[in-house]
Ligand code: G3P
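Starting off, we have a lone chain in the form predicted alone, written out as structure tokens.
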């Protein structure tokens, strides 16, 4: 698809006349997901049980977005430790492949913004990425490496929760999903949720690792499938991951009716976090863990 065609489709998807249809399409998607769960005996249950184990006493999750990115350089070992120190149950991170096909933790398509060199992660092997400085760009912080997914999971305490977002989409032959799953399986003491905006990636994870929980990311500025969750009946994910501004009572009720957990990202303030917890969401993925942590001491169990 050409860039012009993508631009036209995106403009249509974002047009004002489409917006009122979004809640209707989401409700239909959640209803169809509930129906499939009730009627399809072939659906795996191990992933749901694995996700249930992520919640201590049924209480909602507090996950640090790329670690504790409000006070530390994102997607680094130091940032992940800072999130745990600030009271997070675990972290959210982004995974792509190095030039030698090792799953490494990086959000952007390039190294330009968060390291001391330029280029794509595929221009370097994992050992070379581990020799970069991914921390000194952040005020008051020293050098940090670009870690591999294995290094991050190895650094997590037993029972921690890690949301692994797969960057993409990537062609199936590249094998990001398979390689990430191999690393995740090598660290069974950590509870892992695999998320993506791209249904094909989640379908591949479900195909090769039905025991792993998957979370479908949605966003209001995305194309129709990622905005309305209409791929949910096909995927039957274990959780939906929306931004805070999309979440209201109707959204949560729709997810509940389909047996889907709700993990919310882009939470801008403690007031908004309190609103979401009052709605009964299952987790928040936040930049400022220290500011949000006190809200979770009194959060009700689901």
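Positions refer to the first chain, counted from 1. Treat the numbers as computed from the prediction; the structure is a model and nothing was measured.
Another form exists, predicted in complex with the ligand; not displayed. Remarks below refer to it.
Novice: Report yes if all three of 55, 256 and 281 come within 4.5 Å of the ligand in the predicted complex by some heavy atom, otherwise no.
Specialist: No residue of the spot touches the ligand in the predicted complex.
Novice: Which residue, 217, 205, 146, 162, is the contact with the ligand in the predicted complex, using a 4.5 Å heavy atom cutoff?
Specialist: Of the candidates 217, 205, 146, 162, 217 is the one lying within 4.5 Å of the ligand in the predicted complex.
Novice: Of the residues 187, 178, 107, 120, which one places a heavy atom within 4.5 Å of the ligand in the predicted complex?
Specialist: Partner contact (heavy atom, 4.5 Å) among the options: 107.
Novice: Please determine whether residue 198 contacts the ligand in the predicted complex, using a 4.5 Å cut-off between heavy atoms.
Specialist: No, residue 198 sits far enough from the ligand in the predicted complex that none of its heavy atoms falls within 4.5 Å.
Novice: With a cut-off of 4.5 Å between heavy atoms, is residue 94 one of the residues that contacts the ligand in the predicted complex?
Specialist: Although the ligand is absent here, residue 94 would touch it in the predicted complex, with heavy atoms inside 4.5 Å.
Novice: With a 4.5 Å heavy atom cut-off, would you call residue 251 a contact of the ligand in the predicted complex?
Specialist: Answer no; every heavy atom of residue 251 is more than 4.5 Å from the ligand in the predicted complex.
Novice: Taking heavy atoms only, is residue 65 within 4.5 angstroms of the ligand in the predicted complex?
Specialist: Contact check for residue 65: yes, within 4.5 Å of the ligand in the predicted complex.
Novice: Based on heavy atom distances of 4.5 Å or less, which listed stretch (148 to 156, 86 to 94, 131 to 139, 179 to 187) is in contact with the ligand in the predicted complex?
Specialist: The contacting stretch is 86 to 94.
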